[in-house]
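Coming up is one lone chain in structure tokens, specifically the form predicted on its own.
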């Protein structure tokens, strides 16, 4: 299999305002027809088995980028390929290689993790009996107790639910896992549990992972390389150490990724990604 898992070249995506929004927009900026460029001619490669981070505040284009890679949106320009398969010309081939976990995973909350994952397995045409064994094995590996596998999902913490969402994604054994802010809103313990799962997937399963986040500490702890996005553009891309080296220390303390982000964009990230 190719060493390059994801290749994004001059990717471009623009959204046009809907008419029902026009009165509000006219009051706000006086230009009701102004398009919004969500992804602005960005390019990068993600190596196979790499954890690649995309860092930025809400509105920076992170989630739109993930949707382009996942074939949920089509680029208006440029190209996106996964292991050589173009998302626009070969969407089915791309979909067979990937799975995606978002900040708000969709579940039937009254059903158990087992029932939810079996439903997902049927959607992918997996054999129910073998899927049942695989579900128990995956959830057990993620420290979900056997009794909880058969209890309603609504009784589980958000951190545990996110691990169930990742387990559901793993049922298809994706070559590429797209994680779109999977730890947003989680308590510190649940966040660490999900981060441990992410590392395990790369180290033990060889999964290529693209992780979007607004959490600087998370990006530094997990990612081999990080792209910083602002207003739809990649303003810097390097290892966490390489990014920190771009900005000299100040006030006698080491440079952080947040210092880098501030220096490059003039913006500050705050809790829950709100500016």
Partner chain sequence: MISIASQQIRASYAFVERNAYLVKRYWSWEIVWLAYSIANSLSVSYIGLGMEQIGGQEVDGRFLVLYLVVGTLVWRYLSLIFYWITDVISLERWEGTIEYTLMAPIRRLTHMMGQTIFAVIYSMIFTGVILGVTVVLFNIDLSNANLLGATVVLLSGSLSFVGIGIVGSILPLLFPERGSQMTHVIIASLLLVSGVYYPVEVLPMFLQHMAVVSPATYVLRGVRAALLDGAGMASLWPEIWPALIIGVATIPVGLWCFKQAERYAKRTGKLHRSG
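Keep in mind it's a predicted model, so treat the numbers as computed, not measured. Positions refer to the first chain, counted from 1. For clarity, a rigid core is taken as the largest C-alpha set superposing within 1.5 Å between two forms.
Omitted from view is the form predicted together with its partner chain, to which the following refers.
Residue heavy atoms within 4.5 Å of its partner chain in the model of the complex occur in exactly one stretch of 201-209, 136-144, 186-194, 72-80, and that stretch is 72-80. A residue is said to contact a partner when one of its heavy atoms sits within 4.5 Å of a partner heavy atom; residue 111 meets this definition for its partner chain in the model of the complex. Interface residue remark: residue 67 is counted as part of the site for its partner chain in the model of the complex, having a heavy atom within 4.5 Å. Within this chain, residue 160 is remote from the site of its partner chain in the model of the complex, having no heavy atom within 4.5 Å.
Interface residue remark: residue 127 is counted as part of the site for its partner chain in the model of the complex, having a heavy atom within 4.5 Å.
In the model of the complex, its partner chain lies within 4.5 angstroms of a heavy atom of only one residue of 132-146, namely 132. Relative to the superposed core, residue 115 undergoes a C-alpha shift of no less than 2 Å between this form and the one not shown.
Core-superposed comparison between this form and the one not shown: the Cα of residue 98 travels less than 2 Å. After superposition on the rigid core, the Cα atom of residue 194 is displaced by less than 2 Å between this form and the one not shown.
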